[in-house]
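Read the single chain below, which is given as structure tokens and is the form predicted on its own.
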Amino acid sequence: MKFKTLALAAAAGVLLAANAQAQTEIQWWHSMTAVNGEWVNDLAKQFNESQKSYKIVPTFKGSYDESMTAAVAAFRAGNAPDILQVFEVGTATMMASKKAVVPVSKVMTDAGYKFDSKAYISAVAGYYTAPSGEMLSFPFNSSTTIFYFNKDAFKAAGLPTDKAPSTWPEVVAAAAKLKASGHKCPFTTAWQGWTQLESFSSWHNVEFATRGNGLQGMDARLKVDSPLHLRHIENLANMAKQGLFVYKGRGNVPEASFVSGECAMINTSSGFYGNVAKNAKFAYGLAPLPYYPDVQGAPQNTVIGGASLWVMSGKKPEQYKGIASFFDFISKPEVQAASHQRTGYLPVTMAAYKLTEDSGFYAKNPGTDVAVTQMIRKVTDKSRGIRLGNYVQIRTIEDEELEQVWGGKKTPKEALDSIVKRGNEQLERFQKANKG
């Protein structure tokens, strides 16, 4: 009897081991931290629990820049991840790396899934689609730039709390009142290149770069030395001199100063919402980006940010099937809607947007629809998005030059001229390397 029991136990162990072996692991490298990192892990857990054939293994690989660099090295060494999260700044580079990636539309159709790119918000899908119409990467945490303000600070300064400043002159006036009330950081901005040059351009329907901001060809060149760009950076520089704008660092670093209550107004990603909703200890509001009311065509629409998921080449067929299954799972309207409501990232599909609207979420949480309504407007050739080669390096140049302005070491004109000169050198280098 004892022998029989042991035999059955051994057989069960073999069966369990076989099942474990049959499960295909999908390695997913991402760059999400804090509340958004928790969201990524939860998505993987939900998918893994929904079926037994595949296991998504999410791994944080550092900042967007760092994970891209790590993936390039891993690809060359033959051990790239199956899925790589790449921020929108790296899109042109990934599109040019044709041997390293497999178009997401091919992955889905090969696995037998119906893939309709028209189901996605056009401004989102269009950004990640090749001129041939083939969708190359999966829109994941797509975001755009919006305006957050601290209602408690506004109330203390005698400012209305039911409406954010909608124009730049109103932002300056509000900042002055906040400072007079004792607020040491009335306004700051995160992702300064994205918010103050790139989104600023599309929001005012002016070119950031030629050739449709790069979407029409690799021979695009920067145009951020225009009179309007100069006027805006001069405005911010004057605010900085008066203590109305306080520079808090690169990337999303300044966001902590808003959550802590130190800064009362901030321009940053809609994907910041989850952090604010969870951690801010004050009443807050979300609003569209400010604009200059005398500029014809403003406000237009903001450009896409965030990141998409790229499928790496050289994998086994069962891995591609698992990736397609995961993408199908996170495309479901109820999953998309839940992610949008939790994080502030765009719902990506119109079905998810409609589901969120019908649920009453936007009515219960005023301002959470700002990112969507800014993005679903009819776009122009100047506002469709920005897709440039060596964009990671250009973003760094933008940071370096603007910091010179905030530090009083360069005039706005000198900095913008330098961004154009140094940025165009990067564009020429990318064009030459990729024979565009």
Partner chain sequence: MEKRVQFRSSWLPWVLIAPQMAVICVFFFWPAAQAILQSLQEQDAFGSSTEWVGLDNFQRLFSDATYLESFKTTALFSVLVAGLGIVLSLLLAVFADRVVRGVTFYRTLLILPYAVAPAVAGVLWVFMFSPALGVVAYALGKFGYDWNHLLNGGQAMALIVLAAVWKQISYNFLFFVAALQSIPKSLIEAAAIDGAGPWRRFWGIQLPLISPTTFFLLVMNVVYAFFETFGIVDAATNGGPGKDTSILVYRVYYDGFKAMDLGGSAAQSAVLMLIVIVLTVVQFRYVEKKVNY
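Predicted, not measured: the structure shown is a model, and the values here were computed from it. Residue numbers count along the first chain shown, from 1.
If you look for the form predicted in complex with its partner chain, you will not find it shown, but the lines that follow are about it.
J.: Does Q393 make contact with its partner chain in the predicted complex, using a 4.5 Å heavy atom cut-off?
T.: Output for Q393 is yes: heavy atoms within 4.5 Å of its partner chain.
J.: Would you please decide whether N252 lies within 4.5 angstroms of its partner chain in the predicted complex, comparing each non-hydrogen atom pair?
T.: The answer is no: N252 has no heavy atom within 4.5 Å of its partner chain.
J.: Is K315 a contact residue for its partner chain in the predicted complex, using a 4.5 Å heavy atom cut-off?
T.: Taking the distances in the predicted complex, the answer for K315 is no, it never comes within 4.5 Å of its partner chain.
J.: With the cut-off set at 4.5 Å between non-hydrogen atoms, does K248 touch its partner chain in the predicted complex?
T.: Yes, K248 sits close enough to its partner chain in the predicted complex that at least one of its heavy atoms falls within 4.5 Å.
J.: Hey, of 325-333, 74-82, 121-129, 105-113, which bit sits against its partner chain in the predicted complex at 4.5 Å between non-hydrogen atoms?
T.: Of the stretches listed, the one contacting the partner is 74-82.
J.: With the partner left out here, if you bring back its partner chain in the predicted complex, are Q216, K223 and K413 all within 4.5 Å of it by some heavy atom?
T.: None of them does, since no heavy atom lies within 4.5 Å of the partner.
J.: Taking its partner chain in the predicted complex as the reference, which of N41, T373, Q404, Q51 has a non-hydrogen atom within 4.5 Å?
T.: Contact with its partner chain in the predicted complex is made by Q404 alone.
J.: Here the chain is shown alone; which of T349, T93, N301, T195 has a heavy atom within 4.5 Å of its partner chain in the predicted complex?
T.: Looking at T349, T93, N301, T195 one by one, just T93 meets the 4.5 Å heavy-atom criterion.
J.: Along 91-122, which positions have a non-hydrogen atom within 4.5 Å of its partner chain in the predicted complex?
T.: T93, M94, S97, K99, A100, in sequence order.
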